[in-house]
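First, one chain by itself in structure tokens, the form predicted alone.
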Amino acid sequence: MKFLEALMNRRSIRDLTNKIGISDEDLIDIFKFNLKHTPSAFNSQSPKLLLLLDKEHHKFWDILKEELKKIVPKENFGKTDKKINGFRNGYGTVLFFDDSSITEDLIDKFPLYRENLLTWTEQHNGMLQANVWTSLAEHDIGASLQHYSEVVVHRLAEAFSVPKTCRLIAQMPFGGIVTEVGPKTFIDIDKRIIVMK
């Protein structure tokens, strides 16, 4: 599939299965390739990935469910439980981090760029997320981007030996696609672009 077709087909897929059409080795290569070739400010290479497969993937969503039970009202938890199970039923999860020790070192070297560097950190992590997501779509692997960082971050060091310098930014469960999503709707594109010559 061409890149533009993969980009067009990339969707938020939340209903997942643990069956995908590629080997773990090929899957890992996708993540390594995107991590290596996604640009970063000052070539800092501060984004880090934690790829969770099999029981480690399940453990992440079980921990998150435990934490959500503490804050979601009991009468509303059924909907939350169904959503989390849709992610847990997938093949794996990738956690996106920024290595704050690298970012802080750049801030020390270039203090005038402090605010920019913090913004650029988010931007190059976002580029990595989009690249990974599109690459998964190219292989007919469904995924979605989730943001439960504040809920689960205090459990990561113990559960997965995540260094304290790694700041969790997002989570992406992925797997086989159970339910295709409907068509996208779009605002008139000509209202979103200005062309000047």
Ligand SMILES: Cc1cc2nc3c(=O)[nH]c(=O)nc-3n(C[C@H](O)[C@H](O)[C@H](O)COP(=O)(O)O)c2cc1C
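Numbers for residues come from their place in the sequence shown, where the first is 1. These figures come from a predicted structure and were not determined experimentally.
Form predicted together with the ligand: not shown, discussed below.
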**Answer option from 165, 44, 146, 131, heavy atom within 4.5 Å of the ligand in the predicted complex** = 146
**Segment that reaches the ligand in the predicted complex - one of 146-154, 57-65, 35-43, 22-30, heavy atoms within 4.5 Å** = 146-154
**Message:** in the predicted complex, is there a heavy atom of the ligand that lies within 4.5 Å of any heavy atom of residue 179, even though the partner is absent here?
**Reply:** no
**Request:** Can you tell me which bits of 167-190 touch the ligand in the predicted complex, meaning any heavy atom within 4.5 Å?
**Result:** 184
